[in-house]
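Only one chain is given next, in structure tokens, and it is the form predicted on its own.
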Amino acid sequence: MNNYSESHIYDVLIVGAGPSGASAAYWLAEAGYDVAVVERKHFPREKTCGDGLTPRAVRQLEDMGLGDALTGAHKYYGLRTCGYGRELELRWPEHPSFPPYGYVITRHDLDMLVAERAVKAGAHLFQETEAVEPIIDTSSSPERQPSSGSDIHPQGAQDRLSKLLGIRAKCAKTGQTMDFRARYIILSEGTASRISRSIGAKRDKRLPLGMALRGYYRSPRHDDPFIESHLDVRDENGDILPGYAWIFPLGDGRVNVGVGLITTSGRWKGVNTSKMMDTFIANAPASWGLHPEASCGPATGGRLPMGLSTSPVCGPNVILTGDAAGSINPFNGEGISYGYETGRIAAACMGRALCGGGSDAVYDYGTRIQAAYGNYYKIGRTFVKMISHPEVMHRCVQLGMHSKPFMEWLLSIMANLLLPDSNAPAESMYKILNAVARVAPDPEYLSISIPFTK
């Protein structure tokens, strides 16, 4: 563990070393800032996830200098989508900013790689150190956060998170209570978000929430060149559910198998995801060899806060990133790439704040998040609301599975791989869905610069 000093004041303190926290730590440390990260677990550690890296995630990892570190992971080239007795192999589209491939790598290995990269850049990582409460600046005068212009949270957008002096944490090994102080704080706590909630962040329960369950199985098809998604998931009674199932090959003898259920406004709360998983395993294609004897252990599950469902996402010196900000893509349940991206955007805003921009630079984070994802996620939330109706889901999947071009276009939209300023079919389809929405995040957010102190 790094040497701890209660009197030391860091430039930035980050809570959580998952995708968004480690990304923010890397970019800030690489720029020369004094960064500390407190992480509840010890790396490597297990994490419930589908383990699939899309081209967006690969781009961020390569930008962090981790391209070579991924060569041992299983590379795949697209999505095989299955439903109603049909299957289509859809390759990732060619794109000027993203590679035409992805990887499948366990979070056990991936998160350690990125955390180690941040440490190598100069970040101080305190593992097995759990943030237990915020140290609130009670002397600061009440402020109001500038409106981001978002229509997602018309009331919450006017509130602010509390200003913090630091975080009180507890070391699991020694039981020692440790006060970490910093000029600025990034909360990358994941779905638990204890500190975020305690300083004013709330999830809008009207917006999409995913529930997922995954397990590992030994499989003869562990090195398949496509990840596989099933769109006709059913419950134990054979009724169609608003969700999906996946089989992601890891290339090491195993596959990651899971089911996801997308819900809005509390619908489908009574669905048992364990039974949903059992039903899928029992009916999965025989060639995968998914049977109880092939299981590598019990399945684990988690919640997926989607569509920028948390607000506010910043305060005078605080920013929320990744799952803590509800940044998971509502189209497909992907969160890793958006963790890396929101962490990177947060780092850029904190860098400007430290260079004299102050709270205005911090509040700019909310504006940038809306510019990058706001309209796209708005369409995604509408999509989720539509497929929450089983009859709509049934009809859409049946029609889509009879047109490979349509499904290729849909893949580009759902994976957020649209081409800027293009009138190709996928982009035209997206414009029809929302004529005023931007077709892709501004390229600035993909190669964002952070003011250097070096």
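Start at 1 and count along the sequence shown; that's the residue number. Being a predicted model, the structure only gives us computed values, none of them experimental.
Keep in mind that the form predicted in complex with a small molecule is not shown, yet the notes after this line are about it.
- Contact annotation: Ile328 falls within 4.5 Å of the small molecule in the model of the complex, judged by heavy atom distances.
- Mapping the unseen interface onto this chain, Ala212 counts among the residues with a heavy atom inside 4.5 Å of the small molecule in the model of the complex.
- Using a 4.5 angstroms limit between non-hydrogen atoms, Gly302 touches the small molecule in the model of the complex.
- The closest heavy atom approach of Gly333 to the small molecule in the model of the complex falls within 4.5 Å.
- Contact with the small molecule, judged by heavy atoms within 4.5 Å in the model of the complex, is confined among 90 to 98, 183 to 191, 199 to 207, 369 to 377 to 183 to 191.
- Only one of the listed residues (Lys47, Lys385, Arg59, His394) places a non-hydrogen atom within 4.5 angstroms of the small molecule in the model of the complex, and that residue is Lys47.
- Proximity to the small molecule in the model of the complex, defined as a heavy atom within 4.5 Å, singles out one entry of Ala131, Leu161, Leu290, Leu79, which is Ala131.
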